[in-house]
Every structure is written in structure tokens, then in C-alpha cells.
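Okay, so here's just one chain, in C-alpha cells, the form predicted alone.
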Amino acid sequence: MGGDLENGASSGSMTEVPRVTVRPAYFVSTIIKGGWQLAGDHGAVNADQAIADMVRFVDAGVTTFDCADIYAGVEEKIGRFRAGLIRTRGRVALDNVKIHTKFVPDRDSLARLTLADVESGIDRSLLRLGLDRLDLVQFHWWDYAVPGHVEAMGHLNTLRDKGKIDLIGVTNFDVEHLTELCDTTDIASAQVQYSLLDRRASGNFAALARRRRVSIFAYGVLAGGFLTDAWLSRPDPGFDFGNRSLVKYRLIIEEFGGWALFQELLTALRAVADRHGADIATIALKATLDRPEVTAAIVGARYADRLPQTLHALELRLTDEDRAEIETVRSRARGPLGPVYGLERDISGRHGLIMKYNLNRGDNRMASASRVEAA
């Protein structure tokens, strides 16, 4: 696991959740609570329960939360959580809590993005979250063919100088373009897709992150729920899902080697899980947390139902036999290949067809299963 570990506060939990140093005096829990599932794409969300359960995560030592300006209603929910924690426990309860959000300009707006546009987006996140300064802003740029990502990063630096941002990170940047930004900015972190199915962020990307002191925050660790017992021995569902996340990760499974190889991976994970009294998701999470390039793993959850299983990943220790059994299957993977987020950037490819590129203006486009399969 990357970064310098500190003891993590885990009030009310038997499990210590380590904290990792990202920058001096800035620590994150090695498990980060993801916010994407709170946007409603995964089903109805009981906002009151979701907010109450955020407190349960904090009490367990999971003190870092991930969200984005384009996750509908999520910044507001986290803002309500913070306000409630202050009201009931005082500001000291937020001493270790970090809120990571994103600045994701619409694809159609990239060519004309100005400092005023960037500041408007940052101010909107500040208002929603109830913060005077954003802890970490993770910057995303849809299309490298449209110049301006370096200039946009400059605008974020200006806003940091004004006191509106503490740290700046990126999400879904590849080696070439992350190098460009590191030459002008202290990039604290990179949020990238990383799991047993997708290792595009290893190799050159991980080496760059290590050299430039960029912490890697892994998302998609459970592949949208595919790396769980729920999919073991299930027939191939194809690509006809109403949930865009499931389409996204089903496509990753196809790049990995297809449904049959994926089932072999689940079978291997089940065997390892049996030896540890765990479930597949816990083993998949642990296997990614153990990767030296990974600083922290983002675990998406609407509620705290699976919090005990998540914390169990921090307790168990995988053996050489466990790792070998998993890697025997992984070694036969065909992909995914190419740079970080390269497949997803191809707007005409099947990965790109399901992306919503203009969420700030309400893009609800969803490609049909037939278009995805044909691409």
C-alpha cells in the first residue's frame, strides 16, 4: 500500500483503519467511502438513512469521503452529514474527516473554459458541501484533442492561492498528460480504475505516481458489484442493464477475457474466501489494497450494511498460496489494454458509448445493449 501509514482512529470499531499521509498534515483513511451510488443511478436512495450511515463510517474509522460535482445530489447529502455532525458532536468530530470532490467540466464546454467557469464550479461545490475550503479537488478532462487542460489546472492553482482549495488531484489522466500537469502543479492524487480485472494503472503509471508523490486512489475495486458472490456461477447476462455502471464493468469483464474467465476468477476468489471465513468482495478488496501502488481504495456504498465485511479486509492476511491461486487466473487475462481511461475516452467505441459527457447540463443519454455490443 502506497504512502506513509499512521494509526487510524476507529472509535467503536474492533478494526483499526489505517490513515495514509498524502501531504504533510493531510491524511486519508485507506478505505474511502465512495459517493457515486448516492446519485440515484443504482436505485432509489433513502437520503436520511444514507446520511445517518455516513456517521457509522466515521465511527468505524472510515473518515474520507469521495464525491463529485456531477454526482446528482451527492455533495448536498455530504453537506447535510457534515452539518449534522457539527450540530450533534461539535466541530472537533470533523477533525479527521476529509471530503474529496471533483471538478468535471462538460465535454462540450472544454474549448471555451475560463477562470470564471472554473471558479463558478468550485464555488458551487463549496456551497453544497458547506465548506470554506475544499479539501481535495480531483480534475477530469474528457478530450485531450481539445487543448486547455493545462490552462484549466492553472485556474485551479489560482483558486488554491485564493484559499478555496487545499489539495489538487486528478481523475482518469494517463501517463503523458499527468506528466504535463505534474510539471506545473503539485498533484497530490490520481483517482483511477483499478481492480483484479483492470490493472491499466500499474506499470508506467504507477512508476510515475511514485516518482512524483502522487497517491493512487483506486475506484471500481469491486467492478460495480461483479466481484462478489452474487455473480458466482451465474450465466452471462450480456449487456442489457438499466444500470450504466453494470454495463461499464461488464465491458471490462469482456476486455479481461470474457465471462468464462471471469467465472474462473470468482471461483478462485471463493476458494480463498473459504480459507479466511470471508466473502469474495472482501478478498477482492484486500487483494487491491495489498498492491504497493495503491494508497487507498474507494468502496461505493449507499448504506453501511456491508461495513463489517469491508473492515474485515483490513484484518485478514492473504498468503502466498492465496495470491498464487488468484494470479494463476489473472495471468491469462487479455486486458484491458492501453493507457488509463483510454478505452473510455473513445467516444465512438463501446466503452465511450455509455459515458455521459455533459452531466452539468443534464445529459441522460444511455446507449442500448445492441449498440454497445456492435461497437
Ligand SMILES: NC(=O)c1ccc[n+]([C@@H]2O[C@H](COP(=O)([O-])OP(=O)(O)OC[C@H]3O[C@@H](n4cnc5c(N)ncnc54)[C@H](OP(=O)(O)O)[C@@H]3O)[C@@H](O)[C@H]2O)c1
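Residue indices: 1-based, along the sequence shown. On a predicted model such as this, the values are computed, not experimentally measured, just so you know.
Not on display, but discussed next: the form predicted together with this ligand.
Student: Of Tyr71, Phe103, Phe262, Trp141, which one comes within 4.5 Å of this ligand in the predicted bound form, counting heavy atoms only?
Tutor: After the contact test, the surviving option is Tyr71.
Student: Just to be sure I understand the contacts: of Tyr249, Phe256, Phe81, Phe173, which is the one whose heavy atoms reach within 4.5 angstroms of this ligand in the predicted bound form?
Tutor: Selected option: Tyr249.
Student: Going by heavy atoms within 4.5 Å, which of 22-30, 302-310, 326-334, 346-354 lines up against this ligand in the predicted bound form?
Tutor: This holds for exactly one stretch, 302-310.
Student: Within 4.5 Å of this ligand in the predicted bound form: all of Asp66, Gly225 and Ala281, by heavy atom?
Tutor: Each of the three qualifies.
Student: Is Gly61 close enough to this ligand in the predicted bound form to count, meaning some heavy atom within 4.5 Å?
Tutor: Output for Gly61 is no: heavy atoms all beyond 4.5 Å of this ligand.
Student: Does Gln191 reach this ligand in the predicted bound form, with heavy atoms at most 4.5 Å apart?
Tutor: Answer yes; at least one heavy atom of Gln191 falls within 4.5 Å of this ligand in the predicted bound form.
Student: Against this ligand in the predicted bound form, would Tyr219 count as a contact residue? Criterion: heavy atoms within 4.5 Å.
Tutor: It does: once this ligand is placed as it appears in the predicted bound form, Tyr219 has a heavy atom within 4.5 Å of it.
Student: Verify the contact flag for Ile298: yes if a non-hydrogen atom of it lies within 4.5 Å of a non-hydrogen atom of this ligand in the predicted bound form, no if not.
Tutor: Answer yes; at least one heavy atom of Ile298 falls within 4.5 Å of this ligand in the predicted bound form.
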